[in-house]
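Single chain ahead, written as structure tokens, the form predicted on its own.
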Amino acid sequence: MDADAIDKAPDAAAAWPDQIYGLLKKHDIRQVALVPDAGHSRLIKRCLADNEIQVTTLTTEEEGIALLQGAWLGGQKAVLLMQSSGVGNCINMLSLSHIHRCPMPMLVTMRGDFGEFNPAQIPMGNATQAVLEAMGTLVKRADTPEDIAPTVDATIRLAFNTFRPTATLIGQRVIGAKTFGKD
């Protein structure tokens, strides 16, 4: 990995955001809920440019849980994009998926796990997987660009085949650690 790459959002030449977009189309995802995130920026732009995908910008991540539930009950598939720090906001809402047996695929970009400069990101970054699993979410992790497409595909399939919350954690090694000039 290029030493400067850790300071940037995903490389413009990286194929994985476009591969995820292709998977959203393949799986007929019609709604995408998100809190803006640099790690998902290219994927977000692709979704915004697609007239067949309704993108909803949230004020907080737990709103996405309700949106995914409503989409499913209304006959559409949806996915939630968020950063690991947003997982903590969703803990209470994650129980809804179990109560109502609604699929809930989540794509989570990680903070606080590889080269992180911000100490406030470390606790949730380290706890994200355990927190999601404690709430009954099936979690897979992608730490290389090559792992992302097959892992996201599995996460989406698992959610809609089992009617459960699922998550792919996209490691900070892939998206790059933000430093905001604090080298």
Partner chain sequence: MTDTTDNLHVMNRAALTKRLVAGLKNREAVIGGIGNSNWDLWGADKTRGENFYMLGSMGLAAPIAMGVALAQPKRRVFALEGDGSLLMQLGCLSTIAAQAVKNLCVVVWDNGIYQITGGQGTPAAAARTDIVAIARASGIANAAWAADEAEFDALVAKALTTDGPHVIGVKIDQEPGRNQTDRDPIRFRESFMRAMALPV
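Keep in mind it's a predicted model, so treat the numbers as computed, not measured. Numbering follows the first chain given and starts at 1.
Below, we turn to the form predicted in complex with its partner chain, even though it does not appear here.
- Message: What I'd like checked is whether Q54, T57 and C102 together line its partner chain in the predicted complex, meaning each has a non-hydrogen atom within 4.5 Å of it.
- Response: Yes: Q54, T57 and C102 each sit within 4.5 Å of its partner chain in the predicted complex.
Tell me, out of A134, A66, A49, A120, which residue has a non-hydrogen atom within 4.5 angstroms of its partner chain in the predicted complex.
In short, A66.
request  = Heavy atom within 4.5 Å of its partner chain in the predicted complex: which of G70, G115, P36, P150 fits that? Just give me the one.
outcome  = Residue within 4.5 Å of the partner: G70.
Q31: touches its partner chain in the predicted complex, heavy atom cutoff 4.5 angstroms:
Taking the distances in the predicted complex, the answer for Q31 is yes, it comes within 4.5 Å of its partner chain.
Check: Is there a non-hydrogen atom of G74 within 4.5 angstroms of a non-hydrogen atom of its partner chain in the predicted complex?
Finding: Judged by the heavy-atom cut-off of 4.5 Å, G74 is in contact with its partner chain in the predicted complex.
Only one of 152-160, 58-66, 124-132, 139-147 gets a heavy atom within 4.5 Å of its partner chain in the predicted complex; which is it? That would be stretch 58-66.
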